[in-house]
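Take a look at this single chain in structure tokens; it is the form predicted on its own.
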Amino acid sequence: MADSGLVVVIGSGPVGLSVAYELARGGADVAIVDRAAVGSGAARRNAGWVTPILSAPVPAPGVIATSLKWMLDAESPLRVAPDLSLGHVAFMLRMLAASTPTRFARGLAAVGELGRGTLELFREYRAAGVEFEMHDDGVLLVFRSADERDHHAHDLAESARFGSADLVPLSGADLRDLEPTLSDHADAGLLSPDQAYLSPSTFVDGLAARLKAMGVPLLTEQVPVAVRRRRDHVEVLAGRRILGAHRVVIAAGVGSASLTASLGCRIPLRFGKGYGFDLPLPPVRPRRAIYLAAERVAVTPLDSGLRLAGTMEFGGDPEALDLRRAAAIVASSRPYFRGDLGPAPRPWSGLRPMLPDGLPAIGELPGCPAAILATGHAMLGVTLAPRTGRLVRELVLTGRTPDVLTPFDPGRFRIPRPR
């Protein structure tokens, strides 16, 4: 028989840990289950940015057409692999349908509201004893020309409506005064003064440590992990354990799709692969995080060194490491900096959970209200983790779905599993 109060969270990335932390703070009986170690995969392999102002959905107008032009360019920042599998083709067609100006604007507004207040939650976590490296002195967006800057400024102003400070435009000279490591290749910029960045590894480790101190079991490195429906609850299989749960929250990233399918609901969740490098204490060390807009590269100065992250790849082999594609991140970044970035070590990759409309899925699973889904955050898993956790906590503890979650209803895809 299920423990009437037990909530099992499947997934120990930023979202899953934040959900568990919020539930535990709210008095719920919580356990975390994961088939891998805490913070595996993309949980640690990302830029670590907390940037609500950069929350636009991936399927923006023109993006898919541009990516198709780049299909044969291994060094392009966005690539659609020439994959003719049915799942991949159907996903890309859905993404194309979501890239109209109307749907993009609607998605941008939805994600903007979802991210409202997330920066304050990160500060709240630190004040409550969650220890992690965080820098909140803003993010600098760098462009090759004033025209390029002004084009992006118009789009970013829409995101700024949801609680972010106004952007500060910078000329080339002012830009280099603010960030002396930049070269003349950077001719214009925008400072977003209230955005932040953190070390993803310290964030997941800090949350895990805090949860352990609160008495929350972390059942990680459990094989297999599975879920199955029972009349009045859900059973979670974690290795040799069977946990009867009043509620289960599926926050397992890309792995969430197979779990939801076993509960009778398929969602069109696929991966978007990103690459990155960690340069240990290179000669060049920027003062703050920098986004190279044309190259779509995030430059993150952490205490341990300089992290470069970028690219998005749909389709193909999730385990394959395209060294040429990864090397383009460093090669395209070098001209922007004075001095040497140093030799590039072996790259890493991470799989971002993607849904075709670019929005996460957060809410009760259709046909199985005992299960709640919290995945599909794409490149915003860190940015939106605490806010997602707070909203899922409200849903679980009150039984009411907050209005802000309406656009993220997992039922919007309506793909029941054939029986």
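Keep in mind it's a predicted model, so treat the numbers as computed, not measured. One rule holds for the numbers: they count along the sequence shown, beginning at 1.
Same protein, other form: the form predicted together with a small molecule, not shown, and the subject of what follows.
Undergrad: Among 389-397, 55-63, 352-360, 22-30, which stretch has residues with heavy atoms no more than 4.5 Å from the small molecule in the model of the complex?
TA: Answer to the contact question: 352-360.
Undergrad: Hey, in the model of the complex, is Ala371 touching the small molecule, heavy atoms inside 4.5 Å?
TA: Looking in the model of the complex, residue contacts with the small molecule do not include Ala371, since no heavy atom lies within 4.5 Å.
Undergrad: Wondering, does Phe132 line up within 4.5 Å of the small molecule in the model of the complex on heavy atoms?
TA: Outside the cut-off, so no.
Undergrad: Wondering, does Tyr275 line up within 4.5 Å of the small molecule in the model of the complex on heavy atoms?
TA: Because a heavy atom of Tyr275 falls inside 4.5 Å of the small molecule in the model of the complex, the answer is yes.
Undergrad: I'd like to know whether Leu119 contacts the small molecule in the model of the complex, with contact meaning heavy atoms within 4.5 angstroms.
TA: No, no contact at 4.5 Å.
Undergrad: Go through Ala252, Val248, Leu207, Ala289 and name the one with a heavy atom inside 4.5 Å of the small molecule in the model of the complex.
TA: None of the other options qualify; the answer is Ala252.
Undergrad: Have a look at Ala326, Ala309, Leu306, Leu191 for me and say which one sits with a heavy atom within 4.5 Å of the small molecule in the model of the complex.
TA: Contact residue from the list: Ala309.
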